[in-house]
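As structure tokens, one chain now follows by itself in the form predicted on its own.
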């Protein structure tokens, strides 16, 4: 006799979703992972807008991810019109992206994942049983917040990161304050891996097909999409290699990359041998056997290593900006022309792609956004099915707890991922 186990809503993640497990007797027949946030409609809303408006509008797609959406949109518009930016602008953009990595990973690990590890129900109970650990995570997150507020101009929807340049350059006093704050939390960021290095006791999952941007001279941005098996494609050709399917039960499209259900995020990035800062490189070397070639149970450990790297890297960027000194921020001379451009960044949750087309007056005629969670949706559903099958015969509560923990390994951002309609 058939039955359905439903987890609704999914908890301790960004956005709204639910999971249904369909069973026939004791056998798991299929699952449905449903992302049910309202569709964002941003691609349709951007059509008809001027090129300068596009980054300002599209970053509203999500409050948590607004900075990386803003930077990725800037790269795409600048690619269309052949705009080059200064070293100070490039370094400042990377600084806010690293801050986003610090902020996201600290929030996810200490507030959403740690309750699983300590066997408590959520952050409120965590505050009671492990207040010092929670304070540690929030202190690391605060450092990321401070960078975003200072370099981006405000915590969400940054205003200082502009088309072709910056609203203003940071002065030495501001940079010194950021450096002091980063030094305060660096020891905690370096120790975080100890909390998240024990994989959850799930049955083994399918080996992922990892995808990330190839590390380049512009860290966290790139022009080549690369799979862990060595296959790759240039970013401008992404539409030839990433195919999206509309599902009748989810508001996010299912993406397949080179015919595979690709997996993006922290563990995927570490598979491409990134140029890590010294202490993070030591951590990666020590934990390499737990990450490379392994399934997604290692992704939270990978996030902890990345959080350490991002903190170290942010310190290096601040030091370099102090060395360069404040420079005059001049308004860029941008000459619109008909064309198409694209940009891609490594967002905390994985590869993010923006692409826009403009007419000769610089009016947007087409917009396309592919988010990390949309890229991960197929792999996550596959892993959930494998886990449910691997736990057939277990108590239902034990299985549903494991399924929710696996979803949190992927750190989904459902709000960014829902794109199915056009106007």
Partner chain sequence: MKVAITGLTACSGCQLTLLNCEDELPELLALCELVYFPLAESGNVLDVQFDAAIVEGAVSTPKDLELLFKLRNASSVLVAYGTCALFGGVAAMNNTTSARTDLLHTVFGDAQKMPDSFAPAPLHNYVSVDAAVTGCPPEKQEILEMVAALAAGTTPPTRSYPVCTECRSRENLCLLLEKKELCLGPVVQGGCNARCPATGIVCEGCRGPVREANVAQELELLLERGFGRDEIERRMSRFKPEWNYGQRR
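Positions refer to the first chain, counted from 1. All values reported here derive from a predicted model rather than from experimental measurement.
This next part talks about the form predicted together with the partner chain, which is not shown.
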Query raised in the report: Looking at the partner chain in the model of the complex, is some heavy atom of each of 56, 154 and 162 within 4.5 Å of it?
Result: yes
Report task. Report whether the minimum heavy atom distance between residue 403 and the partner chain in the model of the complex is within 4.5 Å. Result -> no
Report task. State yes or no: in the model of the complex, is some non-hydrogen atom of residue 382 no more than 4.5 angstroms from a non-hydrogen atom of the partner chain? Result -> no
Query raised in the report: So, in the model of the complex, is residue 42 in contact with the partner chain at a 4.5 angstroms heavy atom limit?
Result: yes
Query raised in the report: Though only this chain appears here, would residue 360 touch the partner chain in the model of the complex if you measure heavy atom gaps against 4.5 Å?
Result: no
Query raised in the report: Any idea which of 71-79, 284-292, 198-206, 102-110 reaches within 4.5 Å of the partner chain in the model of the complex, heavy atoms considered?
Result: 102-110
Query raised in the report: Given that the partner chain is left out here, which of 239, 177, 260, 142 has a heavy atom within 4.5 Å of it in the model of the complex?
Result: 142
Query raised in the report: Quick one: which residues from 12-29 get a non-hydrogen atom within 4.5 Å of the partner chain in the model of the complex?
Result: 12, 13, 14, 15, 16, 18
